[in-house]
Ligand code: HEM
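Starting off, we have a lone chain in the form predicted on its own, written out as structure tokens.
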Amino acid sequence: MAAPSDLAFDPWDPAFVADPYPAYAWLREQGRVRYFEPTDQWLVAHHADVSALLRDRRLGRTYLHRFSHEEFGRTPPPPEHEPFHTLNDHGMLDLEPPDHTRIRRLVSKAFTPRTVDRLRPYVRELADDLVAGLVAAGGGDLLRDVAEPLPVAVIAEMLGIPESDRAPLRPWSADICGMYELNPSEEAAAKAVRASVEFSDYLRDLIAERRKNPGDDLISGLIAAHDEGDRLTEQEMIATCVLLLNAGHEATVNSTVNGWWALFRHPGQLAALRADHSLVPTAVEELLRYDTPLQLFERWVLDEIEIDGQVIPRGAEIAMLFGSANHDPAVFADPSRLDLTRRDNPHISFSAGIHYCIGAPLARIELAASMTSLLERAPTLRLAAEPVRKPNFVIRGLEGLAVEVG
């Protein structure tokens, strides 16, 4: 077997996307930071560094609150991409204080722990119905039949999107998220722009309807949320709804199928889980760690930093490798081993710092509900065919997961 080289980290190589973890191990051995020319990024692979940098205010998801594109040494995005950037740049995920602080505070007024907790019975009932359909059919595609419809329906229910309007939500989300891959193609950009326009137009009409006829839904809550007279603008509300849908289901869908694919490859762990359903909470955390749905998260260097003697100048971009951090042996004992009883599990699959995932509690409820329902209602669930990986690296998942029951 050939020794790893710089080419071991190749996010466009299907073999790397299928199993990036050996390349991560090699990267961690090379040092704490390494420049990657194809994307003009500095790769950070160790858990301690990723965790610290996620909280470091010298880095930012955006730089436009302090610099123009030209001042930062960056080329502005092409004008034809403007609808995507208008949508993306008004969302919490890509803002920094003070805008991020203000919007997150207002969104938190509507997206409360009580709101999320109230959804538990609905999530469980929906998971049971989806799994019952899978069992009645003798199997199917776990992604299409369970993993995907569950979180999409939950966030649509939260937002108050009528069932008759939900069909485009997943395609819109997938097309928008295509722009988060490394060096996206013009075709991917065109799809993202089109989806941004269509989704924004739909939400604008829905927000106008909720202003006239408020309901007990998140959009009505976002309209009503205020703090000392401050409210969300319409564009901020649109961006928040899109972000909640995209982030609120992309990770859950991929965590579900990545997790079950891992369980099928570790029959001893699956048998232990089937024998003891009380393992579900730690199993959810371990599967989030073991095969991380979001592999890479980017930050701009707003003020020069130094990592292990390497000066990284203002204007540079850092790529934090979540998947690598979650397999760092300095933090996780025997990290390549799937251990559903792992208690000490400080994974960073939901990020950290001010951008910690606001939907993490909901994601955990959804993942636990679908797992419990599958364990209870489909105890003989088994793999029907070897799955195919999507070509995407940043948001990493499967094309499908064919299963059989009975």
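Counting begins at 1, following the sequence as shown. All values reported here derive from a predicted model rather than from experimental measurement.
Just so you know, the form predicted in complex with this ligand exists too; it's not on screen, but the next bit is about it.
- Shown without its partner, this chain lists Ser373, Gln41, Ser51, Ser349 as candidates; in the predicted bound form, only Ser349 has a non-hydrogen atom within 4.5 angstroms of this ligand.
- Distance criterion of 4.5 Å from any heavy atom to this ligand in the predicted bound form singles out Leu243 from the list Leu232, Val123, Ile312, Leu243.
- Using a 4.5 angstroms threshold between heavy atoms, Leu64 stays clear of this ligand in the predicted bound form.
- The closest non-hydrogen atom of Phe36 lies beyond 4.5 Å of this ligand in the predicted bound form.
- By the criterion of a heavy atom within 4.5 Å, Phe199 is excluded from the residues contacting this ligand in the predicted bound form.
- When this ligand is considered in the predicted bound form, Asn326 lies well away from it, no heavy atom lying within 4.5 Å.
- Checking 274-282, 163-171, 291-299, 199-207 against this ligand in the predicted bound form, the stretch whose residues place heavy atoms within 4.5 Å of it is 291-299.
- Every residue of the trio Arg104, Ala251 and Tyr356 has some heavy atom no more than 4.5 Å from this ligand in the predicted bound form.
- Contact annotation for 151-174: a single residue, Ile155, has a non-hydrogen atom within 4.5 angstroms of this ligand in the predicted bound form.
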